[in-house]
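Just the one chain here, the form predicted alone, laid out as structure tokens.
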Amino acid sequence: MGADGLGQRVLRKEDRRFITGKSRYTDDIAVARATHAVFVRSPYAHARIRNIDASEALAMPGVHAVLTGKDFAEDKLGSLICGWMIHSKDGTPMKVGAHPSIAADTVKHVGDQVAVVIADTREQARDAAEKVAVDYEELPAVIDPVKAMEPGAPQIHPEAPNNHIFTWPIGDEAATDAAFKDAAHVVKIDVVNNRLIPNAIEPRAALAVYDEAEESYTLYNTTQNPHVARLVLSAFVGVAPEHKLRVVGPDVGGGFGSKIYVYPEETVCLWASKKVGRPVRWTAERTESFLTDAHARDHVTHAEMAFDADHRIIGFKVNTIANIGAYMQIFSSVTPTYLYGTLLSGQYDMKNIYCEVTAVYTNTNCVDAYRGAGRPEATYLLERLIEKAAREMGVDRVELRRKNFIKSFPHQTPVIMNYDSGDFDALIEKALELADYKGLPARKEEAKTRGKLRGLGFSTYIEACGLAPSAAVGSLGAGVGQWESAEVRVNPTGNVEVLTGSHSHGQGHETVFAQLIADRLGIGVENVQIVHGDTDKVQFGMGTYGSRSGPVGLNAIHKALEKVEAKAKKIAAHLMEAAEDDIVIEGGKLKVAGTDKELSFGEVSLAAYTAHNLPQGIEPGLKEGAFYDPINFTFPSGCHVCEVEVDPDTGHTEIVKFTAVDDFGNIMNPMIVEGQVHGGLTQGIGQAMFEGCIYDKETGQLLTGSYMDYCMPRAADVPSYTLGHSTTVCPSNPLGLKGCGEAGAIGSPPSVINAIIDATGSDNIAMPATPERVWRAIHG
């Protein structure tokens, strides 16, 4: 294995342009004659649009157009879609309300767009937007998802009576009820998983260009999946035929799930570019991001767990109300269902689980997938309940976990998933060692001498990554497949281009994907170019989310690379008059085993393209493609241990140590994996201690609409993390990968809250555990 091969800490290739400011984000792309879009947004959570008077705005300098929802509807363009069909327990399909790109009749949350102003400059468009006079009839709004289902609550979509979208079940209700009747102990919990607002460094942006000569469109966009965006915009919204629409995702400054979706703004920019005959550019201001980037989490849950006399789990019942917001988006139906309910078994050998999830519309912004997507919610509920059970039953929390861990694999859970690998005892053993669990009592006593409360909290987790297989997810309601595509092109001089349907928004794909090529062909990563994010260059791909880039995207490259290697060996064997089975690839050369005969990879690739001396039946060139459709999900797992110190006089909590031990299967680049874990842990700590989206319960105004009110974790708020790995190789894909992108955000929130509970002795700790909440919990 060379210095650039798999498993090596190779510095990220892409960082050079990022660090030196040479990257190209959507807002950096220059096109001639570009105009600027500014949206007119509703100040009301729920209102009827009586009239829009744009005459004063249209008369202002530089203004080309003011377009409304009625204009959009007159052009017969469709609504945005939800990409996963869920059925209620009575068999009826989910109730999907229309999601127009510009509201024509009724606005359904603060920030809903009612018009767009197109002008020569952003300043001109902003000034004109302020002069668009909208006559609203304010309507009653409902913000609380529980109240939204009550009789007489304001109705948001006529398609969804009582704002009820679906009630989705999973598990065996009768068997679970029977298990509870035999229980020696039943532990109950009520939790709220707080609503979050994603905060990527780069705000959402779009640049739309209509080519009148070709009757075609190009959209530069902050997207995690350009091909899916093109599919939705063409097949469902109807902006243009698929072959007349190019979507480009250039450098993307963070996504975390919030840039998976097709949003109204990019749809409107495409449509407007033809209407005004000029390119249209839009970049969100941070206030717009707070109002309209898809929010996350927002569950209200009651759960009960049944134990036998030996403290083994015999039943688990969950009832969750999921706030979907005003509209459904691409993954909003699957996040609180198949990405949540199917992970409720966690690392524990449970025979009986029954879960019901009720999805509800409210007059708030849309809620959809965000780093972890369903798995953080499941893990938080489960791990809070396990630690509460240990306290109530008077047993050691580590031993309670160990007693209930799954011991052998594969393991079929009662909620669909078939775990293929893992060693949960090894994870917790290593975590106990790295966290110095034995020394905790002494550290607690020392903290008392300083007037501080010290506590330690555990969280074990398992997640499902790399959504798969396509036939399975299709049977469960998915609107697309979950395969990935790749093409490996070896140029005549021996350097390599890899075209992948995966898309990078900060994960390091350009390095890790190149490492696979370097490892196999024996060339340097500098000789490998990764091409992604352009529907005109890459065959159809499914993008990046759910930690699928390695387990699915990299395995697609692996399959294409196998074909390249096989063809190269055939050519080399022919050129060196050797048996094909005797050809090995080592150090950038194709060699005849046991001899000194060899050809450089460049010599073989040149021979493939000159085609002067090829084996019979071999086509010229050295380029191969592949599609990879996984046979199963992958199942990363881990044990996180958080240790905190709480000041009882102020409620201030300091994380003094955080230990994360994870099983990600084979690791391609340890440095990049560690960076992913660090980022995920910080986001999870943010949810646990700082972040929380709050709406006014009466008016629906967003009260946390800026960084003055929405608190993000800073460097001083997080410790220097202690990381460890306990690896079991994934048997479900050729490279043995499990994925690492979301783990930190999944395992950290419950470990933080459990630590604060351990320190304070109070179960009354909710996320975010602000100093005020902690102080009130201590002082009762």
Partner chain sequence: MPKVTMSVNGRQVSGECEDRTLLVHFLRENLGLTGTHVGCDTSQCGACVVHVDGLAVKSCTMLAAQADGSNVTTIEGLAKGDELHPMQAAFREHHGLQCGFCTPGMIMAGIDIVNRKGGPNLDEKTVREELEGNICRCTGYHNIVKAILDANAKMSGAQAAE
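Residue numbers count along the first chain shown, from 1. Note that this is a predicted model, so its numbers are computed, not measured.
Missing here is the form predicted together with its partner chain; even so, the following discussion is about that form.
At least one heavy atom of Met712 is located within 4.5 Å of its partner chain in the predicted complex. Its partner chain is not drawn, but in the predicted complex it has no heavy atom within 4.5 Å of Ala34. The shortest heavy atom separation between Gly587 and its partner chain in the predicted complex exceeds 4.5 Å.
Among residues of the shown chain, His505 is one whose heavy atoms approach its partner chain to within 4.5 Å in the predicted complex. Across the options 386 to 394, 666 to 674, 75 to 83, 601 to 609, residues that bring heavy atoms within 4.5 Å of its partner chain in the predicted complex belong to 666 to 674. With the partner omitted here, the residue from Thr493, Asn162, Thr287, Gln539 that has a non-hydrogen atom within 4.5 angstroms of its partner chain in the predicted complex is Thr287.
Though its partner chain is absent from this view, in the predicted complex it lies within 4.5 Å of a heavy atom of just one residue from Ser475, Gln616, Ser706, Ser408, which is Ser706. The partner is not shown here, and in the predicted complex the stretch 441 to 457 never reaches within 4.5 angstroms of its partner chain through any heavy atom.
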